[in-house]
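Just the one chain here, laid out as structure tokens, in the form predicted on its own.
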């Protein structure tokens, strides 16, 4: 498998350092608000990476942290009249609600900053002892950026460029504008912990270094997060961890791209900020997950509700095809007959292509293309009256069904019962269109009675009434079926 390594600025062959075991650390949320579409993308991307590595047979240890003490949490606590701990616990719980809805697997270890203060103090003491950090008279502790020769190797920045415009803010006791906080002295009303430098709390960058090393040996195989974390957060993690241990911190650095809203950066001030809850109020979770995987993870993803509707159509197409395959396998009488080898060759090509797409830097967009290919192939088989009832067709459809089931476990989409999903989707689309399902059902019952009485004029009038409500009716062997136009 080849992964793009930010550290090397190239795709590199990924092989675990320790046999079949893979260590993966991903920076989690700062728990002060509901998760937004950017959180959803990062979580889903790394969820698929974990799923695929396990699909390949690796033993993956996945650690994702929670930042549960931070300036943003403290500010939010003051706004809500709560403690910082109460705010963090509330939004960690909300995180799970959102991620469970999106089918994101729980990490193996989910450490919280406040539960690892001792490890962070020990790490800071070691950095001071080795001359990489210093304490100020007020009780702050800073990392000496210039003491670490490799600073900037992840982001490609150099010290002199960073110095341009850098300055020490009034009241700070930094020796150098580039130095960053390892430990912050307590301010009145803020949460704090005792330390050798007085009461205070850890800096943001420190926690990931301390927690990742506690649960996995260095170097980590993969460290991940959003593109926005590459600098300064991940750069600072590298500096403090490698300065403290003398070891490489992580071999691969994997970063997902930004989510944009109509080609603009998402921002509350611009009024284009969407939480996961905002989206799931209108669309099913699987539609959102599909949308998030429809572009390569390193590419910018432009979010809009129109784009979500297109994704919904794609999800619906696949599930409709899967339902048709399911019904054919359950209700067909099979017989001997010839079957074209080119169909089997095409299917083999899609199966090979799916694996190759994910092997090539986790290209989920290409993988979804191969998934669409196999269901289109199923459609061609089912539409061909000469082929669809042969035993070879049965075996090929079953192979397609099994392939999609296996791939769904990797991508986290298309794993639901097709009939159930399509019913839920219809309800969702009706609600979004303002359609009263009970009213539709009542009109369909009247239409059925009219048809039984051979009053086709009345039946057609009811169909027109339904069409005015944006409801399409189809008469099938199983009865009337309706959907949203």
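Residue numbers count along the first chain shown, from 1. Definition used throughout: the rigid core is the maximal C-alpha set that superposes within 1.5 Å between two forms. Fair warning: this is a prediction, and the values are worked out from it, not measured in the lab.
There is also a form predicted in complex with the RNA; it is not shown, and the following applies to it.
Stretch 255 to 263 is the answer when you ask which of 241 to 249, 193 to 201, 136 to 144, 255 to 263 has residues with heavy atoms within 4.5 Å of the RNA in the model of the complex. Within 4.5 Å of any heavy atom of the RNA in the model of the complex lies no heavy atom of residue 187. When contacts are judged by a 4.5 Å heavy atom cut-off, residue 418 does not count as touching the RNA in the model of the complex. Of the heavy atoms in residue 17, none are within 4.5 Å of the RNA in the model of the complex.
Taking the partner from the other structure, the RNA in the model of the complex has a heavy atom within 4.5 Å of a heavy atom of residue 231.
Every residue in the set 226, 313 and 456 has a non-hydrogen atom no more than 4.5 Å from the RNA in the model of the complex.
When the RNA is considered in the model of the complex, only one residue from 122, 85, 408, 320 comes within 4.5 Å through any heavy atom, namely 320. When the RNA is considered in the model of the complex, only one residue from 90, 214, 389, 72 comes within 4.5 Å through any heavy atom, namely 72.
Residues 447, 451, 456, 459, 460, 463, 472, 473, 474, 475 are the members of 447 to 475 with a non-hydrogen atom no more than 4.5 angstroms from the RNA in the model of the complex.
Once both forms are overlaid on the rigid core, the distance between the two CA positions of residue 459 between the shown form and the other one is 2 angstroms or more.
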